[in-house]
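In the block that follows, a single chain appears as structure tokens, in the form predicted on its own.
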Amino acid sequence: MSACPTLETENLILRPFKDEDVDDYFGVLDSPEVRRWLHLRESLDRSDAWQQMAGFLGQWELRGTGNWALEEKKSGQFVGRAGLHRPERHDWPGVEVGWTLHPDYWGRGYATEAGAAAVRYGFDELEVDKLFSCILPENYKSQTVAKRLGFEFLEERVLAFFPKLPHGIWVLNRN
């Protein structure tokens, strides 16, 4: 039994990662568009995708936060990941709402739908007062999703894990 809950939205099932997701998840990470926005290294491979999945499940166990695998309800297709990320990094702003979908599923509202479910979970279940989203300044599509979810730009700063470029730190306060 996983500490990661399963949630349902109108079009998506947000569920724990499964071992058989590794090829689909690697397909998301290996797409040129996702590589660009996440600045993934060229050598990233299937094993790295599996380790990320395991890390998300471990984060659910240890912290009650993590990413969900996103499955499209009507087709059962794996479409990406979204969730609540709280890594062990000294300069991380707090619990982050994030999303990464395969480009074939961009423009369908799925990032906003999954992000909204993560926001509700963060405020209702984790009872945090603020949620954050860390977005590269030129990633306008993710900024648009953050704005739709009610996030506001807080500041731009360099995070230790990625010192090459500053990230925009977006914040959403509990109402």
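Values in this document were obtained by computation on a predicted structure and should not be read as measured data. Counting begins at 1, following the sequence as shown.
Only in words, not in the display: the form predicted in complex with a small molecule, which the text now covers.
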>> Is it the case that residue 112, even though its partner is missing from this view, gets within 4.5 Å of the small molecule in the predicted bound form, heavy atoms only?
In response: yes
> At the 4.5 Å heavy atom threshold, is residue 52 in contact with the small molecule in the predicted bound form?
Replying inline: no
> Taking heavy atoms and a 4.5 Å cut-off, does residue 142 contact the small molecule in the predicted bound form?
Replying inline: yes
> Would residue 37 show up as a contact with the small molecule in the predicted bound form if we use heavy atoms at 4.5 Å?
Replying inline: yes
> the small molecule isn't shown here, but in the predicted bound form which of 117, 128, 134, 57 has a heavy atom within 4.5 Å of it?
Replying inline: 134
> Exactly one stretch in 59-67, 119-127, 43-51, 103-111 has heavy atoms within 4.5 Å of the small molecule in the predicted bound form; which is it?
Replying inline: 103-111
